[in-house]
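Okay, here we've got a single chain as structure tokens, the form predicted on its own, with questions on binding and movement later.
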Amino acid sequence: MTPFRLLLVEDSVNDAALVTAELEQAGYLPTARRVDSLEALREALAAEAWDLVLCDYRLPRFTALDVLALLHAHGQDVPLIVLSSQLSEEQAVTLMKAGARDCFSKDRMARLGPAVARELEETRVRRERARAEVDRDILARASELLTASLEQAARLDQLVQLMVPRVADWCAFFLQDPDQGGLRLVALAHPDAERRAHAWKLDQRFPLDPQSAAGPAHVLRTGQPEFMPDVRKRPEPITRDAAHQRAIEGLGLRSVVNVPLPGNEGRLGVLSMGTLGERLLSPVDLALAQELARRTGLVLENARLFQEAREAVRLRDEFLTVAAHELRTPLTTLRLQLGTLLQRSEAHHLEPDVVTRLERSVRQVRRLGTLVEGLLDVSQLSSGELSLMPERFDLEELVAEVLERFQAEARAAGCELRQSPRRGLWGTWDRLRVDQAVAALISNALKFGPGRPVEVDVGRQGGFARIQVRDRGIGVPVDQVERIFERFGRAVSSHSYGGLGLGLYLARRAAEAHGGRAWAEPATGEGARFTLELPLEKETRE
């Protein structure tokens, strides 16, 4: 016997009994309700969902055409078959055009079984297609919301709105609350504002018991979804608190689905949805809730990991700032002391070996100072752009000063530093930042091209001043020319070449802060060429 819900629009009790008997004989078990007025029909359509409507053609004060109009007004996909002892061919055509699925005489009741079978099957297919379309639309819109740059609370609030009323009468998200050690209601959709406010109050007044045998807390603990087609048949109450249980029953729940929000390290919360009154949820609704929960859990987990990563970066930058500041003061003192000793070396007739060691120590302290300043700059860049203090100066003169500063290091590396002929190139830039950038390029060339000359050319190209540093070292692979300008970026192992990987990064950021740029390219023959380009002002070209 195939069960289905039948709405009989019939004023004759005997005819209704004959129809029901004919259906049972054809293998159906209809749950039937008979109405004989439009008011009763309207009430029946509003109260329940029906699989089929069987209607007499003419009833007191209305006809089957009025029934069809009412069905269309309700927007329900319910097939209607007209049974009548007096039905002309013209009336049948009119009914079919109006939307009736079939029309035949009560004298031919043998047709009823096959007609019902056909309509139930076609309705099932149509409803499944329509439901699949609803699910696809909800999941597509959910994906848009989940990937939108929204705050978590706003995102969850909009997600629950997608489910009401298309799938359920209410929908809610519960998330784990580390402070309370249980679940906390964070988003709720319900068409009735008064009941919605009541539900929020219930969550505040009666926190969910983590040890409850059913409901969201149970799902969170076990990780198993819960589907209750009719909560009135639940074998035991959801809570042992009598007042809480009465409050839950006062909500008028009928069907409920609770599914966990999965996370990498455990369940993040629970998605709940349900119906009120006579509306029931089905396994299809459970599947939709599980898919929505899976997508939501994935996004929440990614958001958590992103927040943790940001916090880790913040702590790292804070540590770098503190450490750099703590190192700067003793390094400054040490550099001054070594400088003083070096200046007095001749007066004190120090041994040449001691002088050499002092010079090496000064270079190493200067190198440490550069690393510390680099760490401070990285911390500053993490919280914003580089601040500049522009002043007017000769770029070629600054490059010469940097080269002079690196002479001792160049001798130690076996490199000859060569600068192109000086003609004077004035402009307005931040002297300290440009000095750091040029020093980074020179230091880089000495590190990767020992024993080979390093050529530095300063000139102008259009509206820009251009500094090019050419070495004849190991070169830069084409696929690494951008990576080496990233923060802590390296093209070779740190075991073979020291440094933090910050010099080129800071050089590029300094150039960009001026409106210029910095780049590298493999040089013709061997080695690499690094270019620093800074904008010239009109007056500086005079």
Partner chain sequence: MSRPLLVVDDDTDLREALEEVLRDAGYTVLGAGNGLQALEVLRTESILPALVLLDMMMPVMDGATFGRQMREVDAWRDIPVLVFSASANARQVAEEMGACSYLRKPVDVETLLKAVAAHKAPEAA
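It should be emphasised that the depicted structure is a prediction, and the values quoted were computed from it without experimental measurement. We call the rigid core whatever largest set of C-alpha positions still superposes within 1.5 Å between the two forms. Residue numbers count along the first chain shown, from 1.
This next part talks about the form predicted together with the partner chain, which is not shown.
- Between 268-276, 342-350, 465-473, 292-300, the stretch whose residues reach within 4.5 angstroms of the partner chain in the predicted complex through a non-hydrogen atom is 342-350.
- Contact check at 4.5 Å (heavy atoms) against the partner chain in the predicted complex: all three of Arg328, Glu373 and Met389 pass.
- Although the partner is absent from this view, Arg366 contacts the partner chain in the predicted complex, with a non-hydrogen atom inside 4.5 angstroms.
- The shortest heavy atom separation between Arg335 and the partner chain in the predicted complex is within 4.5 Å.
- The partner chain in the predicted complex is not approached by Val125, whose heavy atoms all lie more than 4.5 angstroms from it.
- In the predicted complex, at least one heavy atom of Leu432 sits within 4.5 Å of a heavy atom of the partner chain.
- Of the residues given (Gln152, Thr321, Thr94, Ser282), Thr321 alone sits with a heavy atom within 4.5 Å of the partner chain in the predicted complex.
- In the core-superposed comparison between this form and the one not shown, Phe393 has its Cα shifted by at least 2 Å.
- In a rigid-core overlay of the protein, Phe319 has its C-alpha displaced by at least 2 Å between this form and the one not shown.
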